[in-house]
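Next comes just one chain, in structure tokens: the form predicted on its own.
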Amino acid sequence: MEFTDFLWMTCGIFLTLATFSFLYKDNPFYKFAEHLVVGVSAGFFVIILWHNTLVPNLFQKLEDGDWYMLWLNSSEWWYIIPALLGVLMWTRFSKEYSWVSRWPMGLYIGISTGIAIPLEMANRVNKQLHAMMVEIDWANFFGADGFDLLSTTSGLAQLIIFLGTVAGLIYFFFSKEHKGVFGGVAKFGIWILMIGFGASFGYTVMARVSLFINRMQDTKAWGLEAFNANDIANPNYGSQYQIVFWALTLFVVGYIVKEIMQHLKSKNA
């Protein structure tokens, strides 16, 4: 690894430690990492929106027109209308003319809602209904091997999807008191909902844990790289690698010792 790449890797390790330092308490290092992430993300998405949205969907559409004609002589001049609506959104920052921004904002929200609702219906409702309507494979009830409870195509899985969906809907039916058989089905619906929420939460936790493992692996690789004097791919290896390693290590350890001393001093006072 070249020394410049090692410096960038060191920067990543520092930001990782700065982020994890919030587990101790809010501190300037965490604030620095937080503001850096927000700033870099904002700048990155501005560039992405410019090159992937404005350029192909506006400027390239009007490139055959002339600016002194306000692009009205373009073959696709109607793209000026959404451009003007986008400009009107900036009136939001004016106290006197902020009401103008309500028109493009209302149009934008209406179009977005009209697009989002059919997509949500197709992905979350229609697919769930389709899974319920699949004929239960009674001949393959326990899976292809005779007893495979993990199979998602077995008749048992299809039956659980059907009963779980019905029970979950019954739980949200409040026009009838949840007693007797109806209450038992509603209680089964609660279990189905809790299993679904638990699986979603577990998936989120595992995703965060995998990110943590990745950062720990990078930290280990950073430490090994600092003392990897026998790296054939990097003949320019020198003491500067270890200097950077020990500088960051001493910086972190020094901050920890400083916090401990301040805690002991305030405790004794």
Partner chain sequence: MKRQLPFLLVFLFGAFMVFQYYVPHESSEFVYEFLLDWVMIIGIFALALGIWSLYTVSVDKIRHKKENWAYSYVTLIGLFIMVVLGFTYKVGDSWGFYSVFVISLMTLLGFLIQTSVSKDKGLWLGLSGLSLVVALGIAFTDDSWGIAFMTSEGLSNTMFTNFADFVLTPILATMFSLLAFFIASAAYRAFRARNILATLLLIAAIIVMLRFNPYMPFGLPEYMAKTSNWLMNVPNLAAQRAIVIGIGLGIVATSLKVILGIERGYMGKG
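Numbering follows the first chain given and starts at 1. Source: prediction; values computed, not measured. Here the rigid core means the biggest group of C-alpha atoms that line up within 1.5 Å when the two forms are laid on top of each other.
Below, we turn to the form predicted together with the partner chain, even though it does not appear here.
A single residue from the set Val37, Leu70, Ala221, Val244 has any heavy atom within 4.5 angstroms of the partner chain in the predicted complex; that residue is Val37. In the predicted complex, at least one heavy atom of Arg102 sits within 4.5 Å of a heavy atom of the partner chain. Put simply, Ile136 is far from the partner chain in the predicted complex: not one heavy atom of it is within 4.5 Å. In the predicted complex, the partner chain lies farther than 4.5 Å from every heavy atom of Ala226.
Contact annotation: Thr249 falls outside 4.5 Å of the partner chain in the predicted complex, judged by heavy atom distances. Residues from 1 to 20 that approach the partner chain in the predicted complex with a non-hydrogen atom closer than or equal to 4.5 Å are Trp8, Met9, Cys11, Gly12, Leu15, Thr16, Thr19, Phe20, in the order they occur in the chain.
Remark: with the core as the superposition reference, the CA shift of Trp67 between this form and the one not shown reaches 2 Å or more.
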